[in-house]
Ligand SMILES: NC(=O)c1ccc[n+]([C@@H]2O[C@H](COP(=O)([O-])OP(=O)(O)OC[C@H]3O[C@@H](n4cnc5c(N)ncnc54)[C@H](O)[C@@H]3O)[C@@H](O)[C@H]2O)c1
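Shown here is one chain on its own, the form predicted alone, set out as structure tokens.
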Amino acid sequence: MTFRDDALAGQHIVISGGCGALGLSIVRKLIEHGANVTVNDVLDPITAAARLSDMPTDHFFYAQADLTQADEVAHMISEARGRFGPVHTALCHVGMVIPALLLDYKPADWDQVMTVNVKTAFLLGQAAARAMIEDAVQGQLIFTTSWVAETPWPEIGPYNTSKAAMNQLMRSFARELAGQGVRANAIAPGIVAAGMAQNQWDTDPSYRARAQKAIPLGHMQSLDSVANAFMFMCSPASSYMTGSVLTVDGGCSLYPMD
């Protein structure tokens, strides 16, 4: 057992993009250790309920909302507070990638990646921090960024850029909110064994060869290792951290690929 079962007892955590493969792993880990979790996604409630079916219903609340819209973000935070009380931690987790070479990239795709990855992080961070200050909570914003913010991966230039922007957004929140008792940090995973990366690993030999070369530890990152990083950051063990990027990437960011 890595963490005590009650490590997050009494905490209310909000997560955006919580119904994806990585999001679900994080939600499960947080609930297993005592947290109440407001899970946000754009999925309809029936689809979301199916994905969350193995979670204890008294410890999570699903809030459908499009977090690219400020009014929906505000409504979601209001719903969350109504269900579980003051928000202690907000995980700005939702993200997307559209792969293509920069010279071929469509401006509309660039706008979509920036909106989903950066704008939602800003809007959720802003609304959650306002609620924390109003409720006199010594809270935290946590942003899911990536090792590619520092070491760009080819063919996903806008995604690389969005994650670098999120790191600086996090640091700006940390700088501005420290005096009001609200911290901000980021977690930067590596090449995770889920979603598009897993599919490419399984089906594209050239991608797999490139990815294996990029991971000094030699294997894709497990969902559980990412969830453990979130557990640590949400726990009191991280209470003196603000403005930090916790990189958990198997060594991917140690050096650029040749």
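Throughout, we count residues from 1 along the sequence that is shown. For clarity, every value in this text was computed on a predicted model and none was experimentally measured.
Note that the form predicted together with this ligand isn't included here; everything after this is about it.
Per-stretch contact check against this ligand in the predicted bound form, the hit in 157-165, 83-91, 175-183, 99-107 (non-hydrogen atom, 4.5 angstroms): Only one stretch passes the 4.5 Å heavy-atom test: 157-165.
Just to confirm, with a 4.5 Å cut-off on non-hydrogen atoms, which of 228, 212, 68, 222 contacts this ligand in the predicted bound form? Here the answer is residue option 68.
Proximity of residue 49 to this ligand in the predicted bound form, heavy atoms at 4.5 Å: Residue 49: no contact with this ligand in the predicted bound form.
Can any non-hydrogen atom of residue 22 be found within 4.5 angstroms of this ligand in the predicted bound form? Residue 22: contacts this ligand in the predicted bound form.
Any non-hydrogen atom of residue 145 within 4.5 angstroms of this ligand in the predicted bound form: Yes, contact at 4.5 Å.
State yes or no: in the predicted bound form, is some non-hydrogen atom of residue 95 no more than 4.5 angstroms from a non-hydrogen atom of this ligand? Although this ligand is absent here, residue 95 would touch it in the predicted bound form, with heavy atoms inside 4.5 Å.
May I ask you to list the residues of 33-50 that have any heavy atom within 4.5 angstroms of this ligand in the predicted bound form, in sequence order? Heavy-atom contacts within 4.5 Å come from 40, 41, 42, 43.
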